[in-house]
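The form predicted alone is given below as one chain in structure tokens.
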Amino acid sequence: MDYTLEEFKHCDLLSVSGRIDSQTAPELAEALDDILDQGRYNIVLDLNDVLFISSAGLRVLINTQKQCKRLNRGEVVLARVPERIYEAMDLAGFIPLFEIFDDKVHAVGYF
């Protein structure tokens, strides 16, 4: 798994690629925690290049969403979610918990 971070005025854009599994989920959690530690709670996750996400990866997404939404500080939104990843999230019941956008521009503009 690889990721790149872009900081904008109102949010951070984290573009993730590769596999998010039990090996790489802690790395993703650390990257997201670094953003939260800076007091930035509006996060866009671009999942366009994600090939696979395991339950460990889904757990990182939901835990980060909980931290962002606590005390109405912000939220995590998803951009360009591949069909297979969307299906996995739908199966887990996570779709209602996230705003999902078809492109990064609209996702960043959400904030």
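One-based numbering along the sequence shown. These figures come from a predicted structure and were not determined experimentally.
Just so you know, the form predicted in complex with a further copy of the same chain exists too; it's not on screen, but the next bit is about it.
Contact between residue 100 and a further copy of the same chain in the predicted complex is not found at the 4.5 Å heavy atom cutoff. Taking non-hydrogen atoms only, residue 2 never approaches a further copy of the same chain to within 4.5 angstroms in the predicted complex. In sequence order, 8, 9, 10, 13 are the residues of 8 to 31 having a heavy atom within 4.5 Å of a further copy of the same chain in the predicted complex; the partner itself is omitted from this view.
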